[in-house]
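Encoded as structure tokens, the following chain is the form predicted alone, with no partner shown.
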């Protein structure tokens, strides 16, 4: 068990993926389940499994290997919230078990968050039976109207619902590629990055990366152009590109080095000026080509040949790529994103880019 250090976690709407049922009808919310995941992984997963599923054969094992699953498949749902908290605080050594107590390591809120995480693994029926048995009430959202004033002042209804940040009274929301923080019930707002000085982490950047990963994952691979890694693929570089961009052409000339390093390059079309942009026509031609890799090479100037006509059904992907890029704040090309959502500003020489990408693994 490693010592857990308390951190301020700011999460975007993507945190809802941890438990689609973690808001409203359950006593905890999605933010608590998200924060609890980190606590559980560091403090509990070694015995109970990373997803609270326990180790194989736990029923007949002894010592730490006998730690039961906490995902609702064993007897954890037979205990009240008060009992679960006490067990984590006190441990089971005094009762003849081997689980140490965490009362001196974790705060009350951290213990609650750890419980929220493993309860997020409980099926609806299991949770419902538990909640009925111990008369546990659901938790109403505190952030329903927090964005109302912001929407009124900006005249923009495309503002994400606010989520709790873990800092009392501070909520995070997003509009476009900007993250904003609301205080005093939504009366005041500040826009920018929030830094955890204790951990020296940019917590807004963590949320930003999650948004990038989510947006990119929504785009079918079939609608992008992929230069696959040579041999074993270690990672993927996502590139929003414009054929008329000089630095895009420079990067493209170095794609072979990335492939040799085990990095696949996935291209998304992003005409910088939209339909009036200088690369719009050629991007449509590339995406209409039967051999898209060859067409991209021609459009980027490293091969000779003629591009096909750009009037085809697949040409609409160019417009979709532009919309996709705007969602994550792209204004220029090349825009590079690693597989974990890290953005690299502009062109980066392959000798610098390769260790940066592989260093994230």
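Here the structure is a predicted model, which means the values were calculated and not measured. Positions refer to the first chain, counted from 1. Definition used throughout: the rigid core is the maximal C-alpha set that superposes within 1.5 Å between two forms.
The discussion below concerns the form predicted together with a small molecule, not included here.
Undergrad: Just to confirm the contact call: exactly one of 61-69, 295-303, 309-317, 322-330 touches the small molecule in the predicted complex at a 4.5 Å heavy atom cutoff, so which is it?
TA: Residues of 61-69 come within 4.5 Å of the partner.
Undergrad: Taking 160, 163 and 175 together, does each of them reach the small molecule in the predicted complex with some heavy atom inside 4.5 Å?
TA: Not a single residue of the candidate spot has a heavy atom within 4.5 Å of the small molecule in the predicted complex.
Undergrad: Answer yes if any heavy atom of residue 248 is within 4.5 Å of a heavy atom of the small molecule in the predicted complex; otherwise answer no.
TA: Taking the distances in the predicted complex, the answer for residue 248 is no, it never comes within 4.5 Å of the small molecule.
Undergrad: Even though the partner isn't displayed, in the predicted complex is residue 118 close enough to the small molecule, meaning a heavy atom within 4.5 Å?
TA: Judged by the heavy-atom cut-off of 4.5 Å, residue 118 is in contact with the small molecule in the predicted complex.
Undergrad: Wondering, does residue 30 line up within 4.5 Å of the small molecule in the predicted complex on heavy atoms?
TA: Judged by the heavy-atom cut-off of 4.5 Å, residue 30 is well away from the small molecule in the predicted complex.
Undergrad: Taking heavy atoms and a 4.5 Å cut-off, does residue 287 contact the small molecule in the predicted complex?
TA: No - in the predicted complex, heavy atoms of residue 287 and the small molecule never come within 4.5 Å of each other.
Undergrad: Would you mind picking the one in 76, 147, 243, 238 that has a heavy atom within 4.5 Å of the small molecule in the predicted complex?
TA: Contact check passes for 76.
Undergrad: Using a 4.5 Å cut on heavy atoms, which of 202, 259, 87, 126 is close to the small molecule in the predicted complex?
TA: The residue from 202, 259, 87, 126 that makes the contact is 87.
Undergrad: Kindly check if the Cα atom of residue 241 is displaced 2 angstroms or more between this form and the one not shown relative to the superposed rigid core.
TA: Shift of 2 Å or more: no.
Undergrad: Does residue 111 move its CA by 2 angstroms or more between this form and the one not shown when the core is aligned?
TA: It does, since the residue 111 C-alpha is displaced 2 Å or more between this form and the one not shown after the core fit.
Undergrad: Fitting the rigid core first, would the Cα of residue 310 be found 2 Å or more away between this form and the one not shown?
TA: Where the cores coincide, residue 310 shows only a C-alpha shift between this form and the one not shown that is less than 2 Å.
Undergrad: How does the C-alpha distance between residue 183 and residue 117 change in the predicted complex compared with the present structure, closer or farther, given a change of 3 angstroms or more?
TA: Relative to the shown form, the pair is closer.
Undergrad: Since the Cα separation of residue 183 and residue 113 moves by 3 Å or more in the predicted complex, tell me which way: closer or farther than here.
TA: It is closer: the C-alpha separation of residue 183 and residue 113 falls by at least 3 Å in the predicted complex.
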